[in-house]
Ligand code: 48H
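What follows is one chain in structure tokens, specifically the form predicted alone.
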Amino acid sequence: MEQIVSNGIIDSYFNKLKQYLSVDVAIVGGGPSGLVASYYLAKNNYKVAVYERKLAPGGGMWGGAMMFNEIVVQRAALHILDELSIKYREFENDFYVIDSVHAASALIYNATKAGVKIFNCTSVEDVVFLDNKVCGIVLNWAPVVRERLEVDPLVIMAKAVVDSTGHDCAVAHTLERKNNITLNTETGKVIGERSLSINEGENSTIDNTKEIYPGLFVTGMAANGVSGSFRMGPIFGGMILSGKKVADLIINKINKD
């Protein structure tokens, strides 16, 4: 019995890993915008994998605000919540509250049901850079990166890579630092996130969702961090809409190519 259990897990995982050594879209970071993007891409029959360094995907959504596990969304994002069967309640002037655990769980469920493969406990330490284009990710185990162990990574090839790493903008920072390139921002560099301004942050999250270098897209808080805009706190409409926008941008880009 013990060997059967271990064999089942090992065979299944490595079969999944081998099948996803090449993907249409590699999404780095399993927060709300990354999960929404993955859902819409998989729904449109793209091969998508999400790489999340923590044990559980969902990003900052789980904890709500200061561990009060409620979040807020505005009316503009409700059509996406309805599609994903996420329950909400209006409380004031077109603002709605949602149980954050319910919301995070629903995003994960819908993404995986659509066909997304989530590789948790993994860390993207670099990108594949060929012909002045981002063509994939360089992957290792999150504990290996955290403990700074000298263990070489594996490579996942992708037609598009999404930086959905939140405030850190980790993929964009790595790409810029290592390759002396100019990004699609006002300064050509990762500008860095500004302080909290909810209305500004919500609007700019969607505006800043874009391709910042051939093959590399940004979404959610990474989009604002790269372009030097504001954080917004525990309101998630912009994050959700940003995920949908980046999926649409990638679909259009892949279809043109």
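In this text the structure is predicted, and so the values were computed from the model without any measurement. Start at 1 with the first residue shown and count on from there.
What follows is about the form predicted in complex with the ligand, which we do not show.
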{"property": "Every residue of Thr165, Ala170 and Met239 near the ligand in the predicted complex, heavy atom within 4.5 Å", "result": "yes"}
{"property": "Candidate stretches 58 to 66, 184 to 192, 207 to 215, 40 to 48, one within 4.5 Å of the ligand in the predicted complex by heavy atom", "result": "58 to 66"}
{"property": "Touches the ligand in the predicted complex: Ser123 (any heavy atom, 4.5 Å)", "result": "yes"}
{"property": "Contact flag, Leu17 vs the ligand in the predicted complex, heavy atom cut 4.5 Å", "result": "no"}
{"property": "Partner proximity in the predicted complex: Ile235 to the ligand, non-hydrogen atom cutoff 4.5 Å", "result": "yes"}
{"property": "Partner contact for Ala26 in the predicted complex: the ligand, 4.5 angstroms, heavy atom", "result": "no"}
{"property": "The ligand in the predicted complex - contacting residues of 10 to 32, heavy atom within 4.5 Å", "result": "Val28, Gly29, Gly30, Gly31, Pro32"}
